[in-house]
Ligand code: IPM
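Coming up is one lone chain in C-alpha cells, specifically the form predicted on its own.
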Amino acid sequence: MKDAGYAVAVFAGDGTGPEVIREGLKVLAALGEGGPAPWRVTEYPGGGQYYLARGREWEPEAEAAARSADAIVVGAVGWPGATLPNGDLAGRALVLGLREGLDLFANVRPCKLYPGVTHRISGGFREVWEPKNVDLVIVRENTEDMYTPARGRLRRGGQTEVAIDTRVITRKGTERIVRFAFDLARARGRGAPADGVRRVTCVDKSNVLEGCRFFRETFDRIGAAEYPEIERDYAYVDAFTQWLVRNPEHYNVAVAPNMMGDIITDLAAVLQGGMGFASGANVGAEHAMFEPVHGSSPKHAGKDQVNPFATFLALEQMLRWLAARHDDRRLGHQADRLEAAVARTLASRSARTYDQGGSATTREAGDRVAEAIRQEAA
C-alpha cells in the first residue's frame, strides 16, 4: 500500500487513443471523488504522430517515467505515414518496446459479455450469445515466437527474394506463461460457465509444429506436477476457432504461444461485442501495462464516436493487478465499483456507440459511466 498513491504513467498515443484515454481518466477521476485517490496519474506525449512532429517516439523523461511507474496505460499507437527508418511502426516503443524492455511476458485478455451488448454479425446488430456463457480469459505468451527479431530478408539487385521469420519457443518462456495461466485459473475461483470446472485449455498446433509440441509437453508436465486440481484441456488452434464461437461456455482460461494467441484473442473479442470492449494487460514479474487493444483507428479519429469501454475495462484490470500486487484492498474495491458501473451502464443500453448500433458519442459514454459511479456512491 502506498500512502502517496500509485504512480500511473499514461500515454494517450495516436488517433482515437487520446479520445478514449480522456474518457478513461474522467471515469478514474469519478472513482477518486470523496477522498484522496490512491493513484497519481501523469500523462506523457508519444507515438507515431509525435514522431512525425518531433522526430522521436517519446522523450527520455517519458521513457524513464514508464519504467519507474507502478502501472502504465497506453491508448493506441500507429498513424499513416509514421514509420521508422528501418520500416517499423513509429510508436512501437510505447507498446512493443515496453513489452520487451520490461519483460512483460504475459498478455492477458479477458473475454466477458455483459448484458445489453450487441454483436455485429452478418451486417446486423443482435444480442446473440447468452451473457452468462461468455466469461473466459486468454493468456498469450508475449515475448517470443514469431515476434522475436530473428527474421530478415535476402535482397539481390534491389529486390526481395526471400523473407524469413524464425519461430522461437523457449523453456523459460513456456514454463512461465503456463504457470501464469494455471495460477490465474486457481485465483479466479469460478470455473467455466458450462460446468463450473476450473480448467486451462492449451491452444497450439502440436500435430504439425515442433515448437507447439514442446509447448504442450511443458503444459502437461507443469499442470500434472503443480496444479493437479486444475483440469487440463487441449485444442488445436484451427479447431479452437470454431469451438470458441460455438461453445464459449466450455472455456475458463486458455493459454497459447504468441502468434496464435494474438489471432484467437481478436476472434474472442467478437464474443464480447467487438474490439470496443477488448482490453488487455501486459504483465511481467515487476511491471504491467494496460491498454484497449483496438488500435488507433485513424479513420475515426477526432469524430468523438469510438467505443471507450475497452479503456474502462483496461483500467479495471490495472486496479485489480495493483490490488493483488500490493495487497491493497482499496484498489480491489475501486475495481469492483468500476466494473459494476460499466455493467449497469451497458445493461441500460444508454451508451451504445456506433459499433453497437447506437448514436452515443465517446464523451457521452464516459459521462454515463462516471454518472453510474457517482450514483452508487450517493
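Please read all numbers here as calculations on a predicted model, not as lab measurements. Position 1 is the first residue in the sequence shown; the rest follow in order.
The following text describes the form predicted together with the ligand, which does not appear among the structures shown.
Asker: With the ligand left out here, work out from 212 to 220, 140 to 148, 126 to 134, 113 to 121 which stretch has heavy atoms within 4.5 Å of it in the model of the complex.
Answerer: This holds for exactly one stretch, 140 to 148.
Asker: Is there a non-hydrogen atom of residue 267 within 4.5 angstroms of a non-hydrogen atom of the ligand in the model of the complex?
Answerer: No, residue 267 sits far enough from the ligand in the model of the complex that none of its heavy atoms falls within 4.5 Å.
Asker: Under a 4.5 Å heavy atom criterion, is residue 109 part of the interface with the ligand in the model of the complex?
Answerer: Contact check for residue 109: yes, within 4.5 Å of the ligand in the model of the complex.
Asker: Taking the ligand as it sits in the model of the complex, is residue 291 in contact with it (heavy atom to heavy atom, 4.5 Å or less)?
Answerer: Contact with the ligand, yes.
Asker: Given that the partner is absent here, does residue 245 sit within 4.5 Å of the ligand in the model of the complex, heavy atoms only?
Answerer: Residue 245: no, not in contact with the ligand in the model of the complex.
Asker: Please tell me whether the candidate spot formed by 26, 313 and 316 is one where all three residues come within 4.5 Å of the ligand in the model of the complex (heavy atoms).
Answerer: Looking in the model of the complex, the three residues 26, 313 and 316 all stay beyond 4.5 Å of the ligand (heavy atoms).
Asker: Tell me, which of 84, 96, 197, 184 has a heavy atom within 4.5 angstroms of the ligand in the model of the complex?
Answerer: It is 96.
Asker: Going through 240 to 262, which residues have a heavy atom within 4.5 Å of the ligand in the model of the complex? Please give them in sequence order.
Answerer: Residue within 4.5 Å: 262 only.
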